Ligand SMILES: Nc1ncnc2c1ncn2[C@@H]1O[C@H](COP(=O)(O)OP(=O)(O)OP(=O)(O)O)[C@@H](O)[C@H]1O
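Here you get one chain, nothing else, as structure tokens; it is the form predicted alone.
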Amino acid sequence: MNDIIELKNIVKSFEGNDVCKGLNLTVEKGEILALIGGSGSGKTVILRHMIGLHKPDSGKVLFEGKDITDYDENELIAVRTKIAYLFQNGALFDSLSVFENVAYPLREHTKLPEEEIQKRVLEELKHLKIEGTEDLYPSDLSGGMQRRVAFARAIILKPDVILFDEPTTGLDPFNIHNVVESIRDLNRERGITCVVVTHDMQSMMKLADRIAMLHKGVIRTVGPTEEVRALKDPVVESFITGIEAKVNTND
């Protein structure tokens, strides 16, 4: 597989707090990469660099081999039609219906006729098994349904990459399963590259092709899921077993 995103020697600080300390990471085209690490370690900061919402103090961000580090907002528009960002809470517009939420990127970034917009929105809702919700509002939906609407909005422009920020947080086991299956389908059926920031190790062990662990501002380890799971690195072992133990205790 070819690299689709590459972070090279990323250094980033906020108010004197060093979050990235020469961080290097590549995302391979067509894979599901899980990004793990402790709370506050900077996982979301990495996602935001990938789409230009943060700019590094030094280092480079490459997308499809092109250096996008210093792109301005106008130049980033083209990148953001190819890289979708799914915020942790879905970030749906409360004042818009499901249909209008999903249609929003098409209205902003294309000149499609209304008939084609309606066709594509309804197709995505059906694909994600939430057809019939188009006239509802986010407040009418469960947390799991809101995440699926956010999925529909994220994929409506047919991106090459989707960045997921804690997509299963706050959901019950049934909806966690549905979200994980939706990510798997997007990857396997459409070939969409997925980067998933998560603490949900149980799901990621089944879903991810590779796992990268962020620790103290650098990528501590990255590799195929089973290899990372079997590592004897005490930091990696402690994190994974600690998360799994917490989940089992909560169960």
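From 1 onward, residues are counted along the sequence shown. These figures come from a predicted structure and were not determined experimentally.
Keep in mind that the form predicted together with the named molecule is not shown, yet the notes after this line are about it.
Scanning T81, T110, Q88, N175 against the named molecule in the predicted complex with a 4.5 Å heavy atom cut-off leaves one residue, Q88. Contact with the named molecule in the predicted complex, judged by any heavy atom within 4.5 Å, is made by just one of S203, T193, S182, S41: S41. Shown alone here, T241 lies farther than 4.5 Å from the named molecule in the predicted complex, counting heavy atoms only. With a 4.5 Å cutoff on heavy atoms, R220 does not count as touching the named molecule in the predicted complex; it lies far away.
Contact annotation: L23 falls outside 4.5 Å of the named molecule in the predicted complex, judged by heavy atom distances. Interface residue remark: H199 is counted as part of the site for the named molecule in the predicted complex, having a heavy atom within 4.5 Å. Shown alone, this chain has one stretch from 221-229, 182-190, 32-40, 66-74 that lies within 4.5 Å of the named molecule in the predicted complex by heavy atoms: 32-40. By the 4.5 Å heavy atom rule, the three marked residues F93, S95 and E115 all fail to count as contacting the named molecule in the predicted complex.
Residue E166 is the only one in 153-191 with at least one heavy atom within 4.5 Å of the named molecule in the predicted complex.
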